[in-house]
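To begin, one chain is listed below as structure tokens, in the form predicted alone.
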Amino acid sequence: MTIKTATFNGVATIEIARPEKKNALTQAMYSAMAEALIAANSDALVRAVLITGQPGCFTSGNDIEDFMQAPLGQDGEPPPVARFMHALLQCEKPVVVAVTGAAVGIGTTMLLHCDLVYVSDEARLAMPFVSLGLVPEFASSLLIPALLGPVKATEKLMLGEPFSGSDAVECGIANAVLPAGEVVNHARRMAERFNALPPSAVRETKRLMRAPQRAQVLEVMQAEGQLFSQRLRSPEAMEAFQAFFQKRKPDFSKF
């Protein structure tokens, strides 16, 4: 099993558990996480959701080999990653995340749509979309410049420069940095605090906080998604993915 789920003391936990592949996410894993979020959102006993990875790695992003088998979804359905992200956006309950080690691509993007984020002192975040011949995803081209400012956003989104947990806290992506061995327990304690709060008031407050940007986020997500789909077919992306599978550096000098 690569996605583990459990509900205890009002917290629905979604654990990415594929350490042998650095928690690379497959389409089946995205589907499982989407289903878990939808179930948690409709369960009256759940007051918060906790998303975690494994010691030393939150997720290395998409499993490229699996992703390339059906990157745009099948039979007219949206790809599982889109279903997961929309389930995350539509979750009315607080979503708390514990990040240890690497959080690459979607591993960083999803944090922008969560409510409380705690990272380890070993965390390393990165959004290397451009290096794969692609563009940012799921409103990161909107939210990252808003948080970091345009010049710092250029470093992260265009150059793909990684950043630390401390950087994530400084720019407002994360709440706090903790020692690696303490992150998950701390995040769980924070999630459990919602058990003592009136659930409707929590949900309505989350809705109010997200509402001003919601339409813009959805609009940007749609625009990014269209460009992302086009870029997947581009010669630059093909070169990047071929280089990945051939374990070499891509050569973009001919473009």
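Quantities reported herein were computed from a predicted structural model and do not represent experimental measurements. In this text, residue numbers run from 1 along the sequence as written.
Just so it is clear, the following notes concern the form predicted in complex with a small molecule, a form of the same protein that is not shown.
| field | Candidate stretches 81 to 89, 166 to 174, 141 to 149, 97 to 105, one within 4.5 Å of the small molecule in the model of the complex by heavy atom | value | Going by heavy atoms within 4.5 Å, the stretch is 97 to 105.
| task | Would you kindly say which of 132, 110, 184, 125 lies with a heavy atom within 4.5 Å of the small molecule in the model of the complex? | result | Checking each option against the small molecule in the model of the complex, the one that comes within 4.5 Å is 132.
| Which residue, 224, 192, 63, 35, has a heavy atom that falls within 4.5 Å of the small molecule in the model of the complex? | Flagged contact: 63.
| said: Please determine whether residue 22 contacts the small molecule in the model of the complex, using a 4.5 Å cut-off between heavy atoms. | reply: Because a heavy atom of residue 22 falls inside 4.5 Å of the small molecule in the model of the complex, the answer is yes.
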